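Heads up, the chain below is alone and in the form predicted on its own; it's given as structure tokens.
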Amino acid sequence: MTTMVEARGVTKSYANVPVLRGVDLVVSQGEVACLIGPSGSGKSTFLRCINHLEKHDAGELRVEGNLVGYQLHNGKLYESSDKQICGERANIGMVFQRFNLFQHLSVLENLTIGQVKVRGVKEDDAKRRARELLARVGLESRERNYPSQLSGGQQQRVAIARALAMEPRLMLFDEPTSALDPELVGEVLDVMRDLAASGMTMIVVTHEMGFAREVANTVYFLDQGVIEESGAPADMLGSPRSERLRSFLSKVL
């Protein structure tokens, strides 16, 4: 299978405090990878390194075989220009914990602005695409609303639709249900299940073990900046090998 994301020895520190200590990971096209682990284990930092929202200190990160945020010339790495990085990010959708919608724009405008400004799509075409995606996430009647007029679950579904509007080849989810009331979690996970079933490559940082068990191809357990264990969901969540993973699961299952 075609490799979509490859990480080799990725490290990251903040003020000399290591957060990632040499992460190795390979995700193939069409796969769903779930990253689990305790808070502070480096999951979100690693996810943000994939699209260069955070700069990793060492190691290699590639998406579809290309370095992210860097260019290689004569054996040396140079950081890409802002324009080049924006172009790379356009192919990588990301959904955050706190939605990150533009509060001053309507739902429809949130979905069209990136298409027009970054992709150069004509406005009418962008609106048509936006409405198709709003229907896909069950919010076709909300296009004129502003984010403040929506529930948290609805805002997160808009955020997913906005990411999809850019026609990404990879989707990153950073604990997309952690800021939601429990009764709203299901509607977001349903959209993500549908997306996984459509063949979208996804890397998901999550505490939703049921979702990981049902949807993931591979589950990665991060602890203190290292992937301690990885494997099929049934093995990882049903028969963990390490004492550290057993201890973690006993607290979250």
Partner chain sequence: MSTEEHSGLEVVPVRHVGQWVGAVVVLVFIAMVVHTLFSRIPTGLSACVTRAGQRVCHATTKWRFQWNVVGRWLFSSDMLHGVLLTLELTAVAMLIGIVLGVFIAILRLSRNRLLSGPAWVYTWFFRGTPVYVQIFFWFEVGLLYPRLTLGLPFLPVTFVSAPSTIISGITAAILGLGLNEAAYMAEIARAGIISVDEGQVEAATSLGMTRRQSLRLVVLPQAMRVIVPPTGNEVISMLKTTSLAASIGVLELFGRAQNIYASNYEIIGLIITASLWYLFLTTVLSIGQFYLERRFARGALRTQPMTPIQRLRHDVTSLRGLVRHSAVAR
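Worth saying up front: this structure is predicted, and the values here are computed from it rather than measured. Residue numbers count along the first chain shown, from 1.
Absent from the display: the form predicted together with the partner chain. The rest refers to it.
Checked against the partner chain in the model of the complex, the residues 74, 141, 103, 81 give one hit for a heavy atom within 4.5 Å, which is 103. For the options 53, 184, 63, 189, the one in contact with the partner chain in the model of the complex, meaning a heavy atom within 4.5 Å, is 53.
Proximity of 178, 195 and 248 to the partner chain in the model of the complex is absent: no residue of the three has a non-hydrogen atom within 4.5 angstroms. With the partner chain left out of view, the stretch that reaches within 4.5 Å of it through heavy atoms in the model of the complex is, among 26 to 34, 63 to 71, 43 to 51, 203 to 211, 43 to 51. With a 4.5 Å cutoff on heavy atoms, residue 113 counts as touching the partner chain in the model of the complex. Put simply, residue 122 is far from the partner chain in the model of the complex: not one heavy atom of it is within 4.5 Å. The shortest heavy atom separation between residue 89 and the partner chain in the model of the complex is within 4.5 Å. Using a 4.5 angstroms threshold between heavy atoms, residue 118 counts as touching the partner chain in the model of the complex.
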